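In structure tokens, the next block holds one chain alone, the form predicted alone.
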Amino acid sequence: MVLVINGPYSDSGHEDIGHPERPERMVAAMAAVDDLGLGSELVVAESYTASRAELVRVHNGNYLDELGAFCYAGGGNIDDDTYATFDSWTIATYAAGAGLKVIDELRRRDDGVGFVAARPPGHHALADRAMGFCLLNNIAVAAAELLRLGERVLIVDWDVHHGNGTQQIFWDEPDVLYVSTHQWPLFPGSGSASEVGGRHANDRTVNLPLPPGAKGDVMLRAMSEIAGPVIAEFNPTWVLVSAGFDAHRDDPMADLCLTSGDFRLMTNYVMDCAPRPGRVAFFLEGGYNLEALRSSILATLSTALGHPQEDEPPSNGGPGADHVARTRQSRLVAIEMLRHSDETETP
């Protein structure tokens, strides 16, 4: 396994006492990696600072300038949820660089599984705005590099919150397929089933909203029945996972009821989507109960490496089975409406 951490900044620096996105999350993540017992099979590669050229593929240049200046002026609250300190610009560029580094290592080795253990997370960061604890969109920066190399990228986002930033950035990009499972309704308010992509990327966004209390059986059914055929048609050459673990039943930030066993099953699913070894990387997003975070990361990575370590069994029996059919129908209507709109506007 290739592990990339954002340098010396993973467990310090970007800190607001009492904030859920805290340094202890990295301690829990690294403990999960230790639990794997990989020994010499673990490759730890140090991150680097993502360059401006790498960042402007997904972020507005003026936004980057303003964020950097804000941090170097001492930082503060960006919104009710998101803050920055003097060190946050450096830390965020290292976090973005971590994703680029894991991609580079996997391409060079042509084998293994990548894990980007970095903070702050990234999937809420828009092209021109920080939000939801996120400053730069780490997974989008990595996906943009793969696009530059001519790849087709599947992004699976199983964080309990919809990755509005990632969706926005690749909304009209036909070579990125964005698939998100998330609680609905919940912050940030996006992620309805009718959001299916732009005119040039119709059906390249697959949102699978789940009701509060939903369990892993409904999530996996939605992935298999709705996203599965789209993924098969897309035929990705790389799979990147926004691996947030705040859908766990013990997490304080939302109301889904997954277990670490559900993340094991989801990992099996996404691994089967990859064309060959060395083409899957997991990016740490949310997860704020430290014990649940540790056990869920362990379940995910051990499964990805082919040696699953069992903790909790998968969950089933919650609400949401009827949502799957409604989600499918809403998507089909939206896809057809966009297709018809495009046809009527074509000269």
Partner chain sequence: MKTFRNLAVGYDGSLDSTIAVRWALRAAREVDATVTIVHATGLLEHLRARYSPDVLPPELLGLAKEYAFDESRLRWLVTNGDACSVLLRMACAPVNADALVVGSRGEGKRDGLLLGSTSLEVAEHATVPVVVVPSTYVDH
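Numbering follows the first chain given and starts at 1. Quick caveat, the model's predicted, so the values are computed rather than measured.
Omitted from view is the form predicted in complex with the partner chain, to which the following refers.
The stretch that touches the partner chain in the predicted bound form, counting heavy atoms within 4.5 Å, is 58-66, out of 29-37, 45-53, 58-66, 299-307. Shown without its partner, this chain lists 75, 174, 261, 228 as candidates; in the predicted bound form, only 75 has a non-hydrogen atom within 4.5 angstroms of the partner chain. For the options 129, 107, 249, 152, the residue carrying a heavy atom within 4.5 angstroms of the partner chain in the predicted bound form is 129. No member of the trio 157, 197 and 272 reaches the partner chain in the predicted bound form with any non-hydrogen atom inside 4.5 Å. Among heavy atoms of residue 119, none comes within 4.5 Å of the partner chain in the predicted bound form.
A residue is said to contact a partner when one of its heavy atoms sits within 4.5 Å of a partner heavy atom; residue 266 fails this definition for the partner chain in the predicted bound form, lying far away. Using a 4.5 angstroms limit between non-hydrogen atoms, residue 111 is distant from the partner chain in the predicted bound form. The closest heavy atom approach of residue 217 to the partner chain in the predicted bound form falls outside 4.5 Å. Within 4.5 angstroms of the partner chain in the predicted bound form, the stretch 295-331 places no non-hydrogen atom at all.
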